[in-house]
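As a starting point, one isolated chain is supplied in structure tokens, in the form predicted alone.
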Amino acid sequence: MSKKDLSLLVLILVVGTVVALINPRFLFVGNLSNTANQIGLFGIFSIAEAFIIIIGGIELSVGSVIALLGVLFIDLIVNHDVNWVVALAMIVAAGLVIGLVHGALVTRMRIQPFVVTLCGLLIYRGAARYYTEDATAGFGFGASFPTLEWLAAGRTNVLGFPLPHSVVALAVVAVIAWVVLHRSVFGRYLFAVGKNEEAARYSGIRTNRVIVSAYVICGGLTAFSAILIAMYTRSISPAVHGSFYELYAIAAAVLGGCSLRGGEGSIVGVVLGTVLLQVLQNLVNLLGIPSSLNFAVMGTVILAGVLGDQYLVQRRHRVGAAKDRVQASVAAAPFERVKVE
């Protein structure tokens, strides 16, 4: 765990302690279980967003993809009687295809990631609304999928604590993502492309393939998250479902140490960033503060993260410049002594 991650963990503990002192209901088992469930649901697509930010891109269509794929998943298993395992595979495949298209547009057509994913945000949201005719998609009366509901939205009692299965899913995804990002050659390629794409290309890395792969990973994880969220909410209003989820993901990634410039970030940090965001949201709810202020909290968090990143970059530059001056003076010292003699 890096110093950034440790600092974030300490901040979470401090904020959690303050929240508990302000309102003891924060420590109630039911509240902690619900908060953990939100962490699990939001953490998966935050990790997806982190892969894109690490390569120096941005993904703004996360919420719209979650809405569209959630609508399609419910429609497949409820109205078309598709086996839920098959439907799950189809939705994840659709997410992978969406990621592939985004990656191709960024690398082949040389369109800015911001433009590509902003268009995606509008297209997928509009497609979801058109597909449902702006109606709410959900489970009809008597529709039941006990195995799927238990796996996706159930909870298992662990030492007296109802552990949400979304947290288990997040743990599995986080471990796999950590290995891919921090213990594989592909992960090093991701960081290299984010740091300097041109230098990475000249060093022999197939940068286009790496970028497309990152978008494909993001699409697949977002699709998986869409299924979990659909099973949790059990109904989807396509006009608002998943709205601003991309901002939650960006905020969690930035809080977790991902630089919007690319080339930096950690999976542990993203998970901790998600935890902090959900604890702050829980604080807003427990204090009875209007929920509309959630967006103000998110905006403040993103701004603080960017300012912190800017400060660290400038500090590294100053430290690096100071070291260069010291090395230059040490190297020049022998020549100055020779001149004196």
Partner chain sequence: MSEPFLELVDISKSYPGVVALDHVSLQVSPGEVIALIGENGAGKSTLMRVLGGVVEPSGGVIRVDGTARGSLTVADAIKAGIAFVHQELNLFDNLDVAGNVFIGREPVHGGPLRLIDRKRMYADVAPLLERLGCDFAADAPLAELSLAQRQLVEIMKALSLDARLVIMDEPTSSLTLAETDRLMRTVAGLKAHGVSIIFITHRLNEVMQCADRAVVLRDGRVVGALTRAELSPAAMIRLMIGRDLKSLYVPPAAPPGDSVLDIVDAVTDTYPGRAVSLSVRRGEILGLAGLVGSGRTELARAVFGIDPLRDGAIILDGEPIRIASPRAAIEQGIYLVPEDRKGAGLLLDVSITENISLPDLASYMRFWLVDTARENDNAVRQRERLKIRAPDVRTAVGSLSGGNQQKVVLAKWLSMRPKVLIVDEPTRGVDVGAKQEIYGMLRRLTDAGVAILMISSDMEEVIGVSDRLAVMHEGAISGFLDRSQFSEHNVLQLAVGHTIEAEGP
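It should be emphasised that the depicted structure is a prediction, and the values quoted were computed from it without experimental measurement. Numbering follows the first chain given and starts at 1.
In what follows, reference is made to the form predicted in complex with the partner chain, a form of this protein that is not presented.
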*Would Leu151 count as touching the partner chain in the predicted bound form under a 4.5 Å heavy atom rule?*
no
*Report yes if any heavy atom of Asn83 sits within 4.5 Å of a heavy atom of the partner chain in the predicted bound form; otherwise report no.*
no
*Would you please decide whether Asn208 lies within 4.5 angstroms of the partner chain in the predicted bound form, comparing each non-hydrogen atom pair?*
no
*asked:* Does any part of Gly204 reach within 4.5 Å of the partner chain in the predicted bound form? Heavy atoms only, please.
replied: yes
*Verify the flagged residues Phe244, Leu287 and Ser291 against the partner chain in the predicted bound form: is each one within 4.5 Å by a non-hydrogen atom?*
no
*Which of 127-135, 69-77, 112-120, 175-183 has heavy atoms within 4.5 Å of the partner chain in the predicted bound form?*
175-183
*Among Ala104, Val97, Ala192, Val167, which has at least one heavy atom within 4.5 Å of the partner chain in the predicted bound form?*
Ala192
*So which of Ala171, Val158, Val240, Ala199 reaches within 4.5 angstroms of the partner chain in the predicted bound form, heavy atom to heavy atom?*
Ala199
